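Given as structure tokens, the chain that follows is alone and in the form predicted alone.
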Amino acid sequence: MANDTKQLLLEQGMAMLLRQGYHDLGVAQLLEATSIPKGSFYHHFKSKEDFGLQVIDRYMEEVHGGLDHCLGDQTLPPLQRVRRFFEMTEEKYRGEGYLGCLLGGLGQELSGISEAFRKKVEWCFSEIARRIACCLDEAIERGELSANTDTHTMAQLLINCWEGAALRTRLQRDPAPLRQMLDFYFRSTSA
């Protein structure tokens, strides 16, 4: 039961943080939305900051699940697997009303004022890029990319471009920036 309460708080918190951001989300508001008493919140989380950091961990579980699903699909060539991960992410964004990436939103909102959030979000982006770079290494082995490709830089650039496009998508409530970015990026990687 206690674990169910924590998961409910994390799930609801993830949705509310995406919609409202960290500063506009009050603990009381979260508790009201979940019908959970205040004491239960502080049983699971030391503070609002601890809660936010754990929401990021929960979000990353979903991201890793998507990476596992897409990058592990050996029926597709590596570059198609990487692109599929971002296409599936765009589908998730659509279901959320094109509010963008939770990591990007929290990073923009909090990186200048919270070292804990800055480090956590940067680590998350680095971990996603690391996993993508491994798939890009496989693309080199299969001759899909030039042997002298710096896959780490290429993966970091993809994350950077995606996050910028996700912000524009949020502003426009339209997936066009994400799709244009993917088309441009993967067209430029063609051997």
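The model shown is predicted, which means the values in this text are computed figures rather than measured ones. All residue numbers are counted from 1 along the displayed sequence.
FYI, the form predicted together with a further copy of the same chain isn't displayed, but the following is about it.
Proximity of Glu163 to a further copy of the same chain in the predicted complex falls within the 4.5 Å heavy atom cutoff. a further copy of the same chain in the predicted complex comes within 4.5 Å of a heavy atom belonging to Arg118. Taking the partner from the other structure, a further copy of the same chain in the predicted complex has no heavy atom within 4.5 Å of any heavy atom of Cys135. Gly105 belongs to the set of residues with a heavy atom inside 4.5 Å of a further copy of the same chain in the predicted complex. For the options Ser40, Gln54, Thr34, Gln156, the one in contact with a further copy of the same chain in the predicted complex, meaning a heavy atom within 4.5 Å, is Gln156. Looking at 137-145, 55-63, 124-132, 41-49, the stretch with residues near a further copy of the same chain in the predicted complex, meaning non-hydrogen atoms within 4.5 angstroms, turns out to be 124-132. Residues Pro177, Gln180, Met181, Phe184, Tyr185, Ser188, Thr189 are the members of 174-189 with a non-hydrogen atom no more than 4.5 angstroms from a further copy of the same chain in the predicted complex.
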